[in-house]
Ligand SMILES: NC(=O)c1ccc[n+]([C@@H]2O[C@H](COP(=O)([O-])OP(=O)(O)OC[C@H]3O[C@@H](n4cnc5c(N)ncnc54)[C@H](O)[C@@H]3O)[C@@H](O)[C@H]2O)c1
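Below you'll find only one chain, the form predicted on its own, shown as C-alpha cells.
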Amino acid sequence: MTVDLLEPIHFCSPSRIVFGPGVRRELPALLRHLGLMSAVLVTDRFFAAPGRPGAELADALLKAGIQCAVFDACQPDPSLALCDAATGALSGHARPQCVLALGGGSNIDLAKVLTLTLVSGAPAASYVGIPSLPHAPLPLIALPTTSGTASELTPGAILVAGDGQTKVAVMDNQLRAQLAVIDPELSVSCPPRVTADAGVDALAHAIESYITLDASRFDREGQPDPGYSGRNPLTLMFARESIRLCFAHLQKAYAEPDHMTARSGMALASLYAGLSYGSAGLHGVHALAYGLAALTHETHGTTNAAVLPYVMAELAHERMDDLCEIARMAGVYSDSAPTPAGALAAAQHVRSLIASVGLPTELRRMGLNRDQLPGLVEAGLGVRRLTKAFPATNAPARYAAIVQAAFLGRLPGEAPRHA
C-alpha cells in the first residue's frame, strides 16, 4: 500500500515497554529504580494462588522492600460494582505509589479504574464518559498474561454497567500503563480456547486498525489529546507487522501451548496490535461485537471472530489495496495490482484461520435467530465512538449487510451453506 506521508500523527504509548521471556523477574529492581516503593497488586485467585506468578511477584516485591497489598478477586468482564468493592476493600491500606495489574484484559481494565478511585474514593461510574479526568491517576504497571487485548497499551477501560448487558468506557491517555511488562512465559498457562480467543482478538485489533478511518478524516471532536485519532503511517506499520505475526504463529500457539517461539510471536503480535489500535482506534467489528456479547454472553475474542471476516468483505471497495496486502501477507494472493478477488481472498483466509482454532464464523451457530439481527445492528450503531470511525458511508445499511452475511456465514460470491 502507499502511505500518505502528509497524514497527521497523534501517537501515545507507555513510557516503558519491557519484553521477553522471564522479564517479569526484573520488575522489583525496576520499581526500586523508579522510586515506587509501595504497590497494590490487582489480579485474580488463579494467579494469586501459591506457586503462581501473582504470589511469586508479591513475595519478590516484599523481598525487595516494596510494600504490596493484594486484591485477588478480579472477574471476567468486571463491573462498576466490582471496582467499587475493590476500592472499599483496599481503603484500609495507605495509598500506594502505583497499581500493578497481572492477568488478562479484564484484570488490567479493572486496575486502570482503580488508579483513579484509589486516589479519590469516588464511585467508578463518576469517571464514565467524561471528556477528561478530574485528577491524575496512580501510575499503572501492567503484566498481561494473555496475548490479545493489549489493554496495557490503550487509553480505555471497559466495564459492565449495572444491568449486566451494557459495556461502558473510562477513557483518557493518562490511563495507559506507564510500564508494560510483556513476558510470554505468563501466557503458557492459557488453555487452547483462551489462546485462540486472545489471538483472534489481537488479529481483529490489527486488521481493524489497519483499515480504519484515516487520521485526516477522523473527527477528534475538539479534543487536544484524543485517545483514538485514526490510522496514520506509524499505526499502519505496527498493524502490518502484527497481522504477519498472527498469520505465522497463532495456529502453533493454539496447538502447542508450550511452544515458546509461537508464544513470543503472539505476544509481539498483541503488542504491535495494541500500539496500532491504541492510537488509530477501531470501528465496525468491535461495535457489533459488543452487541453480540450482550446477546450471547460469549467472550470478546469470540464475538470479534464471528464478524471480522464479514466486515473485511464489506469494506472491499473502500479498502481494496489494504485487504489485498493482507492477502499477500497470508500467501493467498500474488498479484501486484489490487482486485476484488484479492480482497475476498483476505477475508476468506481470516475466516479459515478463525475456524482452525475452534472459534465460530456464523452467528446462527451461536444461537442467534433472524429476529435478533436488527437489534444487533442497532446496538452496533449505538457505540458511537467506534461507528464514527467506520471507513464507509451509510453505516446502518453496511452494518445490516455485515450482520446478514455473518448470520449465514457467507462471503460475496459464495454458495449458500446448509443450516
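Because the structure is a prediction, the values reported are computed rather than measured. In case it trips you up, residue 1 is the first one in the sequence shown, and so on.
Quick note: we don't show the form predicted together with the ligand, though the next part is all about it.
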Residue stretch of 217-225, 236-244, 181-189, 115-123 approaching the ligand in the predicted bound form, non-hydrogen atom distance within 4.5 Å: 181-189
Contact flag, residue 76 vs the ligand in the predicted bound form, heavy atom cut 4.5 Å: yes
4.5 angstroms heavy atom contact with the ligand in the predicted bound form for residue 167: yes
Distance check, residue 205 to the ligand in the predicted bound form, heavy atom within 4.5 Å: yes
Partner contact for residue 310 in the predicted bound form: the ligand, 4.5 angstroms, heavy atom: no
157, 201 and 277 each touching the ligand in the predicted bound form (heavy atom, 4.5 Å): yes
151, 270, 209, 303 - the one with a heavy atom within 4.5 Å of the ligand in the predicted bound form: 151
Interface residues of 22-50 toward the ligand, as seen in the predicted bound form [heavy atoms, 4.5 Å]: 44, 46, 47
